[in-house]
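The form predicted alone is given below as one chain in structure tokens.
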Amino acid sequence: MLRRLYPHPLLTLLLFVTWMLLVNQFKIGSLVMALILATAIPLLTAPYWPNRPKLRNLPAFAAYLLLVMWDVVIANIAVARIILFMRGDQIRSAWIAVPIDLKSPEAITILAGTITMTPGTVTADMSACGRVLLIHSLHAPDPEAIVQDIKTRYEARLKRIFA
């Protein structure tokens, strides 16, 4: 019964928490609206996710979220330093092709979103075969180091989470 009402329990929880953070009020109306949205959206979108992935390692996913939050803070500081203290001719912006080994569309989406959320980088495109992400980096004196950092820091963890 619960599985039918909540086909994507983690999505339901995420939507509930997100709504409560957005309204920033802990009132009965906000709670009811959060519950309605958190129930209705997964129910309405469930037919579009017939082969939804299973999170194999929930503690690893929580650790990944903490890592990304930490990286966002550190990247904000790095971008501020670049903007405030580097002359324009010293900044080495670059387009970088990042080959990926992930198979799950959800894992690829999380990787692309992680890259975009981290200040100083943005995912701009994905190859037709789905095996290469094109990213832009604000300052990339060594593009290969950025590729290796993405693969070891993010992609390897996502492989363990979605494997």
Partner chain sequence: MSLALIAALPFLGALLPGLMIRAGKNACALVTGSVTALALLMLGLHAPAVLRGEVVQTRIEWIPSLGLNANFFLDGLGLLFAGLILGIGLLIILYARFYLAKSDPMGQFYTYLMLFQGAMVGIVLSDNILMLLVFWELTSLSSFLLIGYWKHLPEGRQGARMALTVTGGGGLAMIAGMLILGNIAGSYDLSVILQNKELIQASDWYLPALILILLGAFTKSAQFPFHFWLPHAMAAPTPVSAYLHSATMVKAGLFLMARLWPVLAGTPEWFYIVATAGLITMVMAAKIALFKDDLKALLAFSTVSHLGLITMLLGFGTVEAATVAVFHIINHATFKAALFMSAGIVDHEAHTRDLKRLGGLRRLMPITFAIVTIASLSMAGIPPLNGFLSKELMLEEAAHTTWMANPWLIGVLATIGALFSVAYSFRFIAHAFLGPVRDDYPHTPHDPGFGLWAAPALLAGLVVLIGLFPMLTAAWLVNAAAGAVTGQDIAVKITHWHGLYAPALWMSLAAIGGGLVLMGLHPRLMALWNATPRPEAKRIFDGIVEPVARLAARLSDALHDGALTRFIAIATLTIVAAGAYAFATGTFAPGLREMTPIYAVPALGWLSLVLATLAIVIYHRNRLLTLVLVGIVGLMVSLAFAYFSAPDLALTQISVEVVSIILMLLALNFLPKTTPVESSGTRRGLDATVAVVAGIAIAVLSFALMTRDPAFAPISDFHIANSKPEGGGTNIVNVILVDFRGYDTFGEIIVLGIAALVIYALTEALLRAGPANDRLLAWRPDQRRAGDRHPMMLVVATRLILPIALMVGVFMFLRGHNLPGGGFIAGLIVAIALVMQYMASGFAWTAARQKVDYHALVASGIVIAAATGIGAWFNGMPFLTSAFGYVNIWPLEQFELATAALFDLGVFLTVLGAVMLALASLSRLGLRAGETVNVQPFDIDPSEGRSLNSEEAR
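Since the model is a prediction, treat every value here as computed from it, not as a measurement. Positions refer to the first chain, counted from 1.
Keep in mind that the form predicted together with its partner chain is not shown, yet the notes after this line are about it.
Colleague: Although the partner isn't part of this model, could you tell me whether residue 60 comes within 4.5 Å of its partner chain in the predicted complex, counting any heavy atom of the residue?
Modeller: Although its partner chain is absent here, residue 60 would stay clear of it in the predicted complex, with no heavy atoms inside 4.5 Å.
Colleague: Is there a non-hydrogen atom of residue 11 within 4.5 angstroms of a non-hydrogen atom of its partner chain in the predicted complex?
Modeller: Looking in the predicted complex, residue contacts with its partner chain include residue 11, since a heavy atom lies within 4.5 Å.
Colleague: Applying a 4.5 Å heavy atom distance criterion, does residue 27 contact its partner chain in the predicted complex?
Modeller: Answer yes; at least one heavy atom of residue 27 falls within 4.5 Å of its partner chain in the predicted complex.
Colleague: At 4.5 Å between heavy atoms, is residue 147 in contact with its partner chain in the predicted complex?
Modeller: The answer is no: residue 147 has no heavy atom within 4.5 Å of its partner chain.
Colleague: Enumerate the residues of 45 to 72 that have a non-hydrogen atom within 4.5 Å of its partner chain in the predicted complex, in sequence order, or give none.
Modeller: Counting only heavy atoms within 4.5 Å of its partner chain in the predicted complex, the contacting residues of 45 to 72 are 45, 47, 48, 49, 50, 51.
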